[in-house]
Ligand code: HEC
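So this first bit is one chain, no partners, the form predicted alone, shown in structure tokens.
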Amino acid sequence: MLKNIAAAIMFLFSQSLLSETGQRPDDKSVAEGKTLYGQYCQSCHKERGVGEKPIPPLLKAPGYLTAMPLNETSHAWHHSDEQLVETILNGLQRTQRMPAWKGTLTERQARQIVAYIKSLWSDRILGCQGPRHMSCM
């Protein structure tokens, strides 16, 4: 029984690692994701995912978070594809600025947005995405 449980845990863990292949997303998904990104994400995360400029703490309203960069200059690539899709679809509890797009976007569309975001990353960053980021930097 313990062998079966251990095998199941290893299978689930390996699946989460395999979702980040280290490969470039396909061109069609990137193109579709870029269009969706422009419509739903770009107003806050800016063109090519550069994010908003930080606001000095004295000027910032309590609980206000600037939209982080999604290119490789910040930590978006520390998250798995699944975590990024989850954030797109369910938003962030700690800020109203990142709304839940579930009901507006499908999971497929969220994955296309992730494909576009990943197209902004270098091959080195793609190879270190998700849980691997701790061991390859």
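Only a predicted model underlies this, so the values are computations on that prediction, with no experimental measurement involved. Residue numbers run from 1 along the displayed sequence.
What follows is about the form predicted together with this ligand, which we do not show.
By the criterion of a heavy atom within 4.5 Å, residue 111 is excluded from the residues contacting this ligand in the predicted bound form. Within 4.5 Å of any heavy atom of this ligand in the predicted bound form lies no heavy atom of residue 50. In the predicted bound form, residue 87 approaches this ligand with a heavy atom inside 4.5 Å.
Interface membership of residue 43, defined by any non-hydrogen atom within 4.5 Å of this ligand in the predicted bound form, is confirmed.
Although this ligand is not shown here, in the predicted bound form the stretch 80-98 places heavy atoms of 84, 87, 88, 92, 94, 95, 97, 98 within 4.5 Å of it, in sequence order.
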